[in-house]
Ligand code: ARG
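The chain that follows stands alone, in the form predicted on its own, written as structure tokens.
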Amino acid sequence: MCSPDFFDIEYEINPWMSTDNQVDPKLAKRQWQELYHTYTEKLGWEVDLVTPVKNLPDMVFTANGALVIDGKVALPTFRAPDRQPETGHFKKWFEDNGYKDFLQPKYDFEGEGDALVWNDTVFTGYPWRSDKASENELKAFFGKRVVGLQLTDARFYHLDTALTIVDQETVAIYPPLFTDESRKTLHELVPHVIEASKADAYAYGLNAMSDGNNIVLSDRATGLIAQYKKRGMSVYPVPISEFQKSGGGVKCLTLELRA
């Protein structure tokens, strides 16, 4: 994670962002701290911190900073020039922490924002912020099956805003955010596909973190919260309103390190 010390809206690179609708820095800090506390105190997850950098307000969204599998790191090739300087800072953090095997794709690729790991499969999202062509680079680097999913709504510009990896047999989606072919692919590969409501999708309820037993998501995604509780999961709702002003949520604020 990365503390939101410099988080604000300095530019507009997705439909949620407006320089006329600025974040409340104090509230953003409290919301970030609640998420951090949920991970470390309530769930006992270990969280490493990346140092925030002035004039890089979106570094707080660490999910875009890499895809890490088996200790190998695919760095982002950001489409938006405003975010491109982040890559060097993320790479330095990984180098300082002993990571040695890196890939920076030739084609646009925005880390876990557009690459979600489900068992031995990597689901990737396109076309809004990552190129479909980056799939082959990821497949060669990680040696995993890579399955591309086409997104349909620019408001849900990263895959992690439209799909949640719930457990080894389950994902959650809002179906209209995918093409017919991509929905078909998901249903063929994944035994259980939970369908979120439009309200829960627009509350960023699909931008969530799960370990299969515990799930952390937007406190406004009440329908998904009820579904997960019914499944017997421990559910941890958190507020993310200030980060959604910039098009981010729980998962966007979190990069998973798979050693």
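Start at 1 with the first residue shown and count on from there. The structure displayed is predicted, hence computed values, not measured ones.
Although it is not shown, the form predicted together with ligand ARG is what the next lines describe.
Contact annotation: of the candidates 196, 208, 203, 63, the single residue with a non-hydrogen atom within 4.5 angstroms of ligand ARG in the predicted bound form is 63. Heavy atoms within 4.5 Å of ligand ARG in the predicted bound form belong, among the stretches 216-224, 40-48, 54-62, 25-33, to residues of 54-62. Although the partner is absent here, residue 83 lies within 4.5 Å of ligand ARG in the predicted bound form, judged by heavy atoms.
At least one heavy atom of residue 157 is located within 4.5 Å of ligand ARG in the predicted bound form.
Among residues of the shown chain, residue 2 is not one whose heavy atoms approach ligand ARG to within 4.5 Å in the predicted bound form. In the predicted bound form, none of the heavy atoms of residue 130 sits within 4.5 Å of a heavy atom of ligand ARG. Residues from 3-25 that approach ligand ARG in the predicted bound form with a non-hydrogen atom closer than or equal to 4.5 Å are 13, 14, 17, in the order they occur in the chain.
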